[in-house]
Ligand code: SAJ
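Only one chain is included here, represented as structure tokens and corresponding to the form predicted alone.
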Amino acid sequence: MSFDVISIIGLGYIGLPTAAAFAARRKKVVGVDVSQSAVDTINKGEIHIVEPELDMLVHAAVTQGHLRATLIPEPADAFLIAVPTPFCDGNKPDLSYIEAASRSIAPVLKKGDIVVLESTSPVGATEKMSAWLANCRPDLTFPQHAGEQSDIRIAHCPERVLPGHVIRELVQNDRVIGGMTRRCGELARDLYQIFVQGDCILTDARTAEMCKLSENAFRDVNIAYANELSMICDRLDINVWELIRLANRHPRVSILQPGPGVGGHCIAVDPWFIVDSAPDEAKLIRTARGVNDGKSHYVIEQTKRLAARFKAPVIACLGLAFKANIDDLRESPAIDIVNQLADERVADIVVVEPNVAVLPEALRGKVELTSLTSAIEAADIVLLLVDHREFKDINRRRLQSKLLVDTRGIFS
């Protein structure tokens, strides 16, 4: 297929870069989002998220007429769904965004179209998406009933990119493509090969879903080891950062860096999808989630002990994003830490986050967003939560009179 028109449903951290990547290959791309503000921003050739190089790609794509954003889905040859998949109470996967996106595109589907679920999803989500589409369009056939002869092709192709490097990794990384049938997978491979330079490897939809979950659970387990090691080292009066540097000189050891917990929409969420699907078997994965979530509480208790030394302490919290040098606050342990310290009235809290202009809703009215210089001058305690480049450049002499809680090791 030539895929003359490609529709991207969801113009966030994955959908917008993906739309720009197709548009850069001179494909007509229609992006769909529920946010009027996001749609208006993109149609002006601007971006509403922080991602290196994305602003130039979007500006060029919109200016040249290859990319347009809208609130309402339009007919296309290929539809890529890239909407959130959070979890709800009890760490159960919430597929409501995928269902809503599926029902929104159903009226404009036509025979021969392909629908690809990009959203990281629990095993079986692609089949559910196909069932929702089939329920909306009984005049068309879908793979679960018609197999290779279906009118609509369905596949799953999870993203596997690193925030801050999305544009390069979208193009260079291998893609795992799971079709509900062989033909579905082959058409999806043709679609991604428009811009992907890495290998596009075919499998079935369930394996593709589990592949992404397994990758992120692997990372989570390894981070949990580093976080647990940091707490053990605190108890034994050992510098964990030096310890890890020494241990990693072993040719077959590569311990990750500890932190204040785990954030982001993937590593902090995806392992729960596995636990939900196989609760009796996923013992290690569940334990790792508990360790990483518990690390935030450990940091809070560390900070409270230091604050108790002062009559009216001021804490400067450096960083709110879930990782360095981006503006993505999703599932960020830094926000949870700051929020709890504020709720418990441990101290007056000032926050520095160079990548956002306003505080997230959870922190508004509780803490003050200020400059790095002002925060350090006012602080009795400096709580380093994110290793942004701005924080690495701090003159260490400015910290000599401060108590430090360095969860990222940049001052150690």
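Bear in mind that the values here come from a model prediction, so they are computed numbers and not experimental data. Heads up: residue numbers just count along the shown sequence, starting at 1.
Below, we refer to the form predicted in complex with this ligand, which is not included among the displayed structures.
Novice: Using a 4.5 Å heavy atom cut-off, which of 75 to 83, 316 to 324, 138 to 146, 179 to 187 contacts this ligand in the predicted complex?
Specialist: Stretch with heavy atoms near the partner: 316 to 324.
Novice: Each of 28, 126 and 209 having a non-hydrogen atom within 4.5 Å of this ligand in the predicted complex: is that the case here?
Specialist: Heavy-atom distance to this ligand in the predicted complex: none of the three under 4.5 Å.
Novice: Mark residue 266 yes when one of its heavy atoms lies within 4.5 Å of a heavy atom of this ligand in the predicted complex, and no otherwise.
Specialist: The answer is yes: residue 266 has a heavy atom within 4.5 Å of this ligand.
Novice: Give a yes or no for residue 219: in the predicted complex, does one of its heavy atoms lie within 4.5 Å of a heavy atom belonging to this ligand?
Specialist: Taking the distances in the predicted complex, the answer for residue 219 is yes, it comes within 4.5 Å of this ligand.
Novice: Does any part of residue 113 reach within 4.5 Å of this ligand in the predicted complex? Heavy atoms only, please.
Specialist: Heavy-atom contact with this ligand at 4.5 Å: absent for residue 113.
Novice: Using a 4.5 angstroms cut-off on non-hydrogen atoms, would residue 120 count as touching this ligand in the predicted complex?
Specialist: Residue-level check for residue 120: yes, a contact with this ligand.
Novice: This ligand isn't shown here, but in the predicted complex which of 336, 228, 204, 159 has a heavy atom within 4.5 Å of it?
Specialist: The option sitting close enough to the partner is 159.
Novice: Among 239, 193, 91, 257, which has at least one heavy atom within 4.5 Å of this ligand in the predicted complex?
Specialist: Answer to the contact question: 257.
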